[in-house]
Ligand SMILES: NC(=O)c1ccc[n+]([C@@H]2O[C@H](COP(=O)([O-])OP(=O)(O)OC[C@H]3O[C@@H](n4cnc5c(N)ncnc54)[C@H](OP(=O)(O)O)[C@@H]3O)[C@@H](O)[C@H]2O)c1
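In the block that follows, a single chain appears as structure tokens, in the form predicted on its own.
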């Protein structure tokens, strides 16, 4: 890639977007971020990021955001309108002359086979539209995120020596969101000539599948406390899922829980190692960051 790419990042204020922006700046990209939050613009500007104010539902704002962009990182939250909105963005990107799109999709096991999850089917529609667009692209299908799935661990251990685990102690090949961001940068800088089968999604996982009993053992080693993983009852798991912000998201989370409980998130790939030239970050390393006693400066 000769000239520095001009990359529009959507979902820039979320967990992954916040990791992606500084990585792209460090690679020398011109970065523009689409957001509805005006308050983010000054801090982004100080970092060297241009803020484009608007959202997927505002065609004029989207057109302005894409104007002059050579690359697009496509990410947005799971909603009932996910497919409609992202397909509209792909069409707007084609009209704007965007040369490459990297899409953050769903976990592979939510898409394959079809019909097993609402979010997976929506992402499948978007991926199909992306293939039809003729724009060079790469789809990323990350497995369960450490920063999402294990977000409760510090609070649970602050309350006692018990980790609440899903029923059945399912094995999960967790992936660190920082590895997803690192791979996303490489995908954005990937050239068509180097990409091999450009239609094949990159399925991103950790190097091994880990269950919650093992997570409890790792946490016990780090903290020096006798920590146990206690499975939630089916009723407790339903109550936790029901706390989702909408019935739609609750159903999506229930589908995820069923698939993870059936072992669908246990499969591993070597994609992270192949792309980055290093192994993915481990569950143990992530928990050490969360739980190891901090030394006073």
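Numbering follows the first chain given and starts at 1. Every value quoted in this text rests on a predicted model; they were computed, and no experiment measured them.
There is also a form predicted together with the ligand; it is not shown, and the following applies to it.
Student: With the partner left out of view, is residue 145 within 4.5 angstroms of the ligand in the model of the complex by any non-hydrogen atom?
Tutor: Output for residue 145 is yes: heavy atoms within 4.5 Å of the ligand.
Student: When the contact criterion is heavy atoms within 4.5 Å, does residue 54 count as touching the ligand in the model of the complex?
Tutor: Contact with the ligand, yes.
Student: Is there a heavy atom of residue 23 lying 4.5 Å or less from a heavy atom of the ligand in the model of the complex?
Tutor: Although the ligand is absent here, residue 23 would stay clear of it in the model of the complex, with no heavy atoms inside 4.5 Å.
Student: Is the gap between residue 107 and the ligand in the model of the complex 4.5 Å or less for some heavy atom pair?
Tutor: Yes, residue 107 lies within 4.5 Å of the ligand in the model of the complex.
Student: Which one, 64, 240, 36, 258, lies within 4.5 Å of the ligand in the model of the complex by heavy atoms?
Tutor: Only one listed residue qualifies here, and that residue is 36.
Student: Exactly one of 262, 236, 40, 250 has a non-hydrogen atom within 4.5 Å of the ligand in the model of the complex; which residue is it?
Tutor: It is 40.
Student: Do heavy atoms from each of 137, 201 and 271 fall within 4.5 Å of the ligand in the model of the complex?
Tutor: The answer is no; none of 137, 201 and 271 reaches the ligand.
Student: Which single stretch, out of 154 to 162, 223 to 231, 98 to 106, 208 to 216, brings residue heavy atoms within 4.5 Å of the ligand in the model of the complex?
Tutor: Of the stretches listed, the one contacting the partner is 98 to 106.
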